[in-house]
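This document opens with one chain alone, in structure tokens, the form predicted alone.
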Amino acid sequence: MIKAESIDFYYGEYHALKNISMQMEPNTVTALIGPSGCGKSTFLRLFNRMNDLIEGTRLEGKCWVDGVDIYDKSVDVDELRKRVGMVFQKPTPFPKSIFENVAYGLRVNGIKDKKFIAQRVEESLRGAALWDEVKDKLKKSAYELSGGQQQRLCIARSLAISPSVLLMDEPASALDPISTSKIEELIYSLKEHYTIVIVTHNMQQASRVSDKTGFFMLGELIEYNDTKKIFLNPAMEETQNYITGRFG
């Protein structure tokens, strides 16, 4: 389970997130939607402490992952990032072979058992619906893959270290429609094993893949509910206006 309580977040003097509270249940997909600059990516990055890397930021409130207050001083951030995988907007394969891209996290964490690594690489590629396409070319460069395959490789890389949460920041926005469809099918199947939070500008994508949707505007969470309710019968006029294309 992921939970945010009374979150206020600042970039210097800029108040980027304003009093946000929401809870995401295990084995669900939560979509975060809203116009550019509304705070949804900033909110997403709270849960693996990626915002820590930006100078001058400040957080008020609490964030929990699996019952742990992840901003407590006792939390090991490297350990947190093993449990909370991240997939970015553009595919970010390493300049290594397909196999070594997926094995990277295991090796960094000190795992040397070749048989175990090979098994996890295969399991992760299968989990990312990529195994059948790459099983005969694992030693080839990841750069030889198409954009859609590279993104699924990055998902496999995240899966290899057995996270409980997957954060996805517009994972299909740089891809063609066929690759986007494969990523969406993958997201839907992965929720059986992971809790997934996805930022997307694509309304149809949010409605297809998510169980719950949060609508952000100007740093505030305007509405958060079952996806069907958000898209068919939103409670707030701002949500209705955004979903119907009147702004954003």
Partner chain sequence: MDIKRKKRRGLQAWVSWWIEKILAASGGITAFIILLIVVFLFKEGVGLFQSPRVDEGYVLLMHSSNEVDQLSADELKGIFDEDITNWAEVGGKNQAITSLRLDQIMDRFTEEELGGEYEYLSQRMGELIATTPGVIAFVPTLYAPLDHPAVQAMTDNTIALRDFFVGKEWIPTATPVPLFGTLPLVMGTLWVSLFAILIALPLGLGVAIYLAELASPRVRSLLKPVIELLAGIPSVVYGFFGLVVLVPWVQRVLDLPVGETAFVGSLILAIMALPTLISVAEESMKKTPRALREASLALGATHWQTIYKVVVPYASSGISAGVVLGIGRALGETMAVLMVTGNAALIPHTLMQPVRTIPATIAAELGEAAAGGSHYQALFLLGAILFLMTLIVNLMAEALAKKQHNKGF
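Residue numbers count along the first chain shown, from 1. Bear in mind that the values here come from a model prediction, so they are computed numbers and not experimental data.
The next section is about a form of this same protein that is not shown, the form predicted together with its partner chain.
Although the partner is absent here, D136 is not a contact residue: none of its heavy atoms lies within 4.5 angstroms of its partner chain in the model of the complex. In the model of the complex, S124 stays away from its partner chain, with no heavy atom inside 4.5 Å. Among heavy atoms of K212, none comes within 4.5 Å of its partner chain in the model of the complex. Contact check for D78: a non-hydrogen atom falls within 4.5 Å of its partner chain in the model of the complex. Residues of 72 to 96 placing a heavy atom within 4.5 Å of its partner chain in the model of the complex, in sequence order: D78, R81, K82, V84, M86, F88, T92, P93, F94, P95, K96.
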